[in-house]
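To begin, one chain is listed below as structure tokens, in the form predicted on its own.
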Amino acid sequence: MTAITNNAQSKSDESNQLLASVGKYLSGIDIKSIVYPMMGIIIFLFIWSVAASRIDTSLGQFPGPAHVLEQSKSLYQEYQAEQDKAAAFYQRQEDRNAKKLAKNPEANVKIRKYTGKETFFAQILTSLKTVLFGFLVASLFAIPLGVVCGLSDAVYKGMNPLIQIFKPVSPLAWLPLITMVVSALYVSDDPWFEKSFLNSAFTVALCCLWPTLINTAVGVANVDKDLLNVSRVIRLPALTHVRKIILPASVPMIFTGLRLSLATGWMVLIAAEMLSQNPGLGKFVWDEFQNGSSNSLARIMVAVLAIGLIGFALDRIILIAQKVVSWDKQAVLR
């Protein structure tokens, strides 16, 4: 009887500890940060559903949430079917090569790349690779140049006219020139990248360059004077001064520029893919528009939502990186 009582007491203590842990976890969550976004999403879905039911287009009724959800499932099924085809294609090659090698161990065997239809998810991956490549290229140039412009008034005055002239130019205006330059200079029998990939990536890079450069220069130029005086007093070397004083103090402005650059680059990439018909989400949207089927609008809407969600996710990733890098862990970031 004592053992049973002790066992029941032990289970009761464990339950109380579990409830206490759950309560502690829930108390640390801001309920408003969950409820308000959910309310906004529900209201948006309701307005979208009502408005869609009243809009008739040449391709039929404008897709509502239910139709879009249905087509998103259809796109996933197409992706799975294409994956199965690719797996079967490679399996056939492996079986054929195994037979060749069984007859002749010295036989030359090859594995050909599957060239089936690009699925919606494959095009998402292509666009992500493109925008990240262009963003990294732009950042590698923009941040060091922004630091130099912020530190040197003479360099800034020399660069500012060029920045102000080229900043308003739409990256899409550069697309034909970039296409011609890449075609002329990137000549290889075994290229690392497709020319279409480089065309879109460099267009994104031109778009991402200016916000990061300008924000970095402003952040560096406005470093607290007390920090600069401390650096002078202890006579920090130039590179140490930049690494220990300038960059940490400029982190908020640098990352503001990076967030603006990545968001703008993602928008421009979709337009560039539509215009140049390079692989990616932009091409998917344009192909569906040209297809003109009864499901085309819903598929385009799936792509629109995917573009928005991916853009949001990319912004959150940059924000998390800022929290990791920033010296002020208590700063409010939005």
Partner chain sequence: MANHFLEISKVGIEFPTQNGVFTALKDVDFKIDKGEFVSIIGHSGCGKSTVLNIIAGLYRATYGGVILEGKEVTDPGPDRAVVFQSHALMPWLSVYENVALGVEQVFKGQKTAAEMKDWVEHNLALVKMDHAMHKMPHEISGGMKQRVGIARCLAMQPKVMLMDEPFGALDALTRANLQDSVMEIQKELDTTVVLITHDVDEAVLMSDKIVMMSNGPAAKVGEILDIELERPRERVALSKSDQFNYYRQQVLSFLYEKKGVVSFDAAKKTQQETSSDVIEKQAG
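Residue numbers count along the first chain shown, from 1. The shown structure was predicted, so the numbers you read here are calculated from the model rather than taken from an experiment.
Keep in mind that the form predicted together with its partner chain is missing from the display, and what follows is about it.
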Find the only residue in Ala88, Leu177, Val233, Ile165 having a heavy atom within 4.5 Å of its partner chain in the predicted bound form. Val233
Of Lys195, Lys100, Lys244, Lys129, which one comes within 4.5 Å of its partner chain in the predicted bound form, counting heavy atoms only? Lys244
One stretch from 76 to 84, 165 to 173, 222 to 230, 253 to 261 that, in the predicted bound form, holds residues within 4.5 Å of its partner chain by heavy atom: 222 to 230
Although the partner isn't part of this model, could you tell me whether Pro237 comes within 4.5 Å of its partner chain in the predicted bound form, counting any heavy atom of the residue? yes
Tell me, yes or no, whether Ile143 is in contact with its partner chain in the predicted bound form, where a contact means a heavy atom of each within 4.5 Å. no
Please determine whether Ala249 contacts its partner chain in the predicted bound form, using a 4.5 Å cut-off between heavy atoms. yes
